[in-house]
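In structure tokens, one chain follows: the form predicted on its own.
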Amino acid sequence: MRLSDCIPGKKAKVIDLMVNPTYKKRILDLGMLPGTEVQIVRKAPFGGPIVVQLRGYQVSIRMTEAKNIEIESVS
């Protein structure tokens, strides 16, 4: 499952980051490491950015990058 497919309010765990190396470093610097639990807070309409909560703070990322972040659902 991809982060872009996750429903707001659901929790998931990051499995893999399949983004370009420059953006991958940025994502890792923000704390989105494999194994990190994330929760989608909201999605902007028309393919806009999504707000993700992780480690007690929120970050906004582009939908195009969220499509390259693999996650698994956490119950």
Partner chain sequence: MNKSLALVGNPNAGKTSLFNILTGTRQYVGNWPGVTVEKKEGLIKKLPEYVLVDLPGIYSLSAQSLEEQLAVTYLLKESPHTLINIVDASNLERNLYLSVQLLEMGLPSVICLNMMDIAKDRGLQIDIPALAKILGAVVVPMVARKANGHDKLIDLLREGVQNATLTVPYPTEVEAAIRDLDTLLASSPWNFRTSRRWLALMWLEGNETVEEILRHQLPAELIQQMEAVRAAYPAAIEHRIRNARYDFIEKIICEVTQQSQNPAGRTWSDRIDSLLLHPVLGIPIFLGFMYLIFQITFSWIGTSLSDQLDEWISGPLTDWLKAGLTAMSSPDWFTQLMTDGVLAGVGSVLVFLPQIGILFFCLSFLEDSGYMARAAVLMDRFMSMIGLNGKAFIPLILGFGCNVPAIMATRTLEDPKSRLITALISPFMSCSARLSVYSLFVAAFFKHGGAAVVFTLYVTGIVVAILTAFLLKKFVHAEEGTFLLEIPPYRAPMLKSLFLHTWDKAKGFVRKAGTIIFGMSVLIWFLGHFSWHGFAPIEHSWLAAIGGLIAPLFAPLGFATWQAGVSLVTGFLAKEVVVSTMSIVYGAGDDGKLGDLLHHTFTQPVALAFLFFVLLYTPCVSTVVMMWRETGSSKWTLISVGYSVAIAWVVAFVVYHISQLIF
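The structure displayed is predicted, hence computed values, not measured ones. Residue numbers count along the first chain shown, from 1.
Beyond what is shown, the protein has a form predicted together with its partner chain; the following relates to that form.
Contact check for residue 24: a non-hydrogen atom falls within 4.5 Å of its partner chain in the predicted bound form. Using a 4.5 Å cutoff between non-hydrogen atoms, residue 66 does not count as a contact of its partner chain in the predicted bound form. Contact between residue 55 and its partner chain in the predicted bound form is found at the 4.5 Å heavy atom cutoff. Within 4.5 Å of some heavy atom of its partner chain in the predicted bound form lies at least one heavy atom of residue 51.
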